[in-house]
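Two forms of a single protein chain come next, each set out by itself as structure tokens; they are called structure 1 and structure 2.
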Structure 1
């Protein structure tokens, strides 16, 4: 029988769990990464593969992570340790927890750098440089900003400090209250922006780009990217959601929560795409512009609107907050382990985890300036390498192991009890976690690397 509560605290309701997990899921991955990765991979066909991954692989693994977490009620490393014991499985499954904590550091390190760009853009927008700016001007502002090592490191540091401050204070206190207001606000602002993009004259071009599936444009590498994006955007494969599940009230339904989280996350990503691509086409920008896409298109849009400076500032404030509610979940698995293992305070755990991630992040902070010629993986800067290894390898691998463990090695009584399902529904869930999810991930790996 699982422990009724976690020592780290608990979400005050099922709704709070959904908001916190959605806060983790909705972040830079939706607003910044999804549009540019879709753009680089040709649009429509990429989106279809991405959606298939969300529903066939994402939701089952999301549910698995939550159920493992709620059964173990500890950090992923200790949860896996407990569950392997009670299920009589090999202790090596703890690897899921260890790799997850590592992936958390890797992702947080560059996530903080990009979130720092977003925070800096609150002030760039406020300065008025984008009023009536064209594509060339907006691109130049971005290049100038990311080209300055001092500025990038400064904002990276500020973001990491904020994250540290919030996680140190505890999950239920600041965080629950924050997500409750910010998530709806972000959603509303995205809708305003979609309205603006609809009037840009190029809305249907954007829609066609996102939803017309030309499979010739999609490569094997593109399929891997789509799957990696599905993991990234749902915060899957590294134990973040497992940790959040550890704080979930014991009676809340896991499957319907997981579905809500996936739907909220997917709609935010698609809405972002529907804002960004019409603006790309309306302003003669490249859909495959890469990481700078959001930082160039969105300022142009606001720059040409009356009252745009105000809304633009609001937009980047909200993106920054969306990033913070995600960053917190990247810290939590390692932090919870630290607190359990060393019996120390959250404050100490937060300082250690965030300092390590901050130091690692310097490599990414320098990737757009003094380190832009330094390659870690072939042809990839430090920043690109961190992104590639974590999203395309560690997260899918972690997710595959989580599905395999849940489907084949965890005591199946636990699965039925945690999910509160039986009969046909249970069989369907088992088919997904035993076969569909792991084989899906495996095939993509084989296709890409062999």
Structure 2
């Protein structure tokens, strides 16, 4: 039987767990990547395939990661060590815990850098520099900022210090209190910005971009993108969800919670699209993805509209909130292991883990300036290398192994007890985690290298 509760603390309710896990899932990628990828791959046609992938791949792996965490009640590393022993599985499966914690740690190091850019842009936007700015001006502002090692490191440091402060305060006073206020604030900000976008004069054009059913644009590559997006958007394979699951109340339904998390995450992504694309189209701008959209195109759009400076500031506050709720979940797997291993306080663990992640992040911070010509992998800067290895190798491999371990090697009595299902529902879950989810993630994994 699982331990009654984690030594690190517990979420006060199922709702708090859902908010925390949703905060982990809702991040920078939701705001710029999902809407763009959906619009470029058939709009509503892509969304339908994406939702199918969420239910066939995302939710089964998400549920698996939660149940592993709740059964183990420890950090991912110690949880997998315990569960491999109790299930009589090969000790090599403990690798899942190590890789998840390491992936989260690596992602945190460069995520903090980009989150620092977003925080800095709250003030850049507020300064009025983007009022009636053209593309050249907005591009120059971004290039000047990212080209300054001092500025990038300063905001990287501020964001990491804020993250460290929150996680050091513990589950209830730190993590839970943060998501309790930031997640509703995030949703409220999105709704206000959607209202603003509705008055842009191009709202229906943005709606059409996202939701028109153009199956001609949905290629095989688009289907694989939908699979990949369904997997990556839920923070799977990085240890965060397994760690949060360790703090989940024992009587909360895992499957219904996982479904709620997936729906919240998808809703936030679609709402972000309804904010971004009407403003982009209203100004005849390019709807490209990535930093160019968030830090060049969007500031131009806000800067050319009435009240745009104020709402632009709100947008980057929203982005910063999303980054914080994700970052605190990335710290937790390594922090939990550190506290368990050394029997030390969360405060000491937070200082050590965040300081090491901050130091590693300096490589990414310098990738846009003094280290722009230093390559870690062929043709890739330090930043690009960290992003590639974590997102294209560690996360899909971790998610695939989680599904396979849960479906084939974990005691099925544990699976049935944790999910509180039996009969046909249990058989369906086994089919999804044993075959459908691993094959889906495997295809995404292989497609990355092809």
Ligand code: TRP
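Only the largest set of C-alpha atoms that superpose within 1.5 Å between the two forms is called the rigid core. As the structure is a computational prediction, the values presented were derived from the model and not from experiment. Positions refer to the first chain, counted from 1.
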| property | result |
| --- | --- |
| Chain form predicted alone, by structure number | 2 |
| Core fit, then residue 73 C-alpha moves 2 Å or more between structure 1 and structure 2 | no |
| Shift of residue 195 between structure 1 and structure 2 at or above 2 Å (CA, core fit) | yes |
| Core-aligned CA displacement of residue 225 at least 2 Å between structure 1 and structure 2 | yes |
| Following rigid core superposition, Cα shift of residue 33 between structure 1 and structure 2 in Å | 4.3 |
